[in-house]
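Taking the form predicted alone, here's one chain by itself in structure tokens.
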Amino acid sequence: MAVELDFAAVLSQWPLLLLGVAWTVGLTAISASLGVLLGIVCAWVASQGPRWLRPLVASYVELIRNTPFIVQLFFIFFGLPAAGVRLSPEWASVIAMVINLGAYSAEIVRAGIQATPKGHIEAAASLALSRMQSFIFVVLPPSLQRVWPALVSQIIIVMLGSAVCGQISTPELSFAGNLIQSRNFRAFESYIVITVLYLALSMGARLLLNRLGARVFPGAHRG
């Protein structure tokens, strides 16, 4: 039996697709910025920070890295209201993505910090730099340079993971695909279009982040 494909029925819903793409890009941009920043802070605590904070950071990293993202998202959106904290789907998605990326990027950045030669730190101390100044200006830049490809890959993974956020009605790309196919019953065509759009977003984000890394960290290798 011949199968007739009707992509026009899906593409005619381009405003909905465009909105989904915009939300996916926005969620990724916010989570990438805040998540990597959170990861840097956690990596600093784990490597050079107060000893009493290290078990808390280690517990956070292990908890997030060993539980599914969808469970984390559902806990924030469905679980927190039991404690009196109600969040919109959009805010719950942002918080979940930031927390998730923060845990993974913490381990990535920590690996870069541990690879820093001790001579660099000793040189910073000889210049009378404080521990925080030494970390920010001496340790962190080359550490990020070393791990930038891994960070790029993790950001892409989090972006693709944002498809789960449609389960709580965040209007991102997968939510748009589900809504379109529920209207015209063209599930096959809808998910082909969504797949192509995710592929384009992934390739575009990787290219953009690699160029950003090449500009900020000239010696960074591409991921």
Partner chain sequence: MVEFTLWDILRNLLFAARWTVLLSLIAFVGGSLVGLLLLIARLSTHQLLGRAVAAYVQLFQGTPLLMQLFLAYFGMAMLGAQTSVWTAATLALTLYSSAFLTEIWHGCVLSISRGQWEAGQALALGFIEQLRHIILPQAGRIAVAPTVGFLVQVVKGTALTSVIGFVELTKAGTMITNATFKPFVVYSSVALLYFLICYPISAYARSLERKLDAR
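These numbers were taken from a predicted model, which means no experiment stands behind them. Numbering follows the first chain given and starts at 1.
In what follows, reference is made to the form predicted in complex with its partner chain, a form of this protein that is not presented.
So, in the predicted complex, is residue 148 in contact with its partner chain at a 4.5 angstroms heavy atom limit?
Answer no; every heavy atom of residue 148 is more than 4.5 Å from its partner chain in the predicted complex.
May I ask you to state whether residue 68 is within 4.5 Å of its partner chain in the predicted complex, using heavy atom distances?
Because a heavy atom of residue 68 falls inside 4.5 Å of its partner chain in the predicted complex, the answer is yes.
Could you tell me if residue 48 has a non-hydrogen atom within 4.5 Å of its partner chain in the predicted complex?
It does not: once its partner chain is placed as it appears in the predicted complex, residue 48 has no heavy atom within 4.5 Å of it.
Is residue 216 one of the residues lying within 4.5 Å of its partner chain in the predicted complex, judged by heavy atom distances?
Residue 216: no contact with its partner chain in the predicted complex.
Partner absent here, but in the predicted complex, which of 111-119, 75-83, 91-99, 136-144 has residues with a heavy atom within 4.5 Å of its partner chain?
Contact criterion met by 75-83 only.
Quick check on this chain: which one of 212, 18, 11, 203 has a heavy atom within 4.5 Å of its partner chain in the predicted complex?
When its partner chain is considered in the predicted complex, the option within 4.5 Å is 203.
Just to be sure I understand the contacts: of 30, 63, 56, 37, which is the one whose heavy atoms reach within 4.5 angstroms of its partner chain in the predicted complex?
Of the candidates 30, 63, 56, 37, 63 is the one lying within 4.5 Å of its partner chain in the predicted complex.
Given a 4.5 Å distance limit between heavy atoms, list every residue of 155-187 close to its partner chain in the predicted complex, or none if there are none.
If the 4.5 Å heavy-atom criterion is applied to its partner chain in the predicted complex, 155-187 yields 160, 163, 164, 167, 174, 178, 187.
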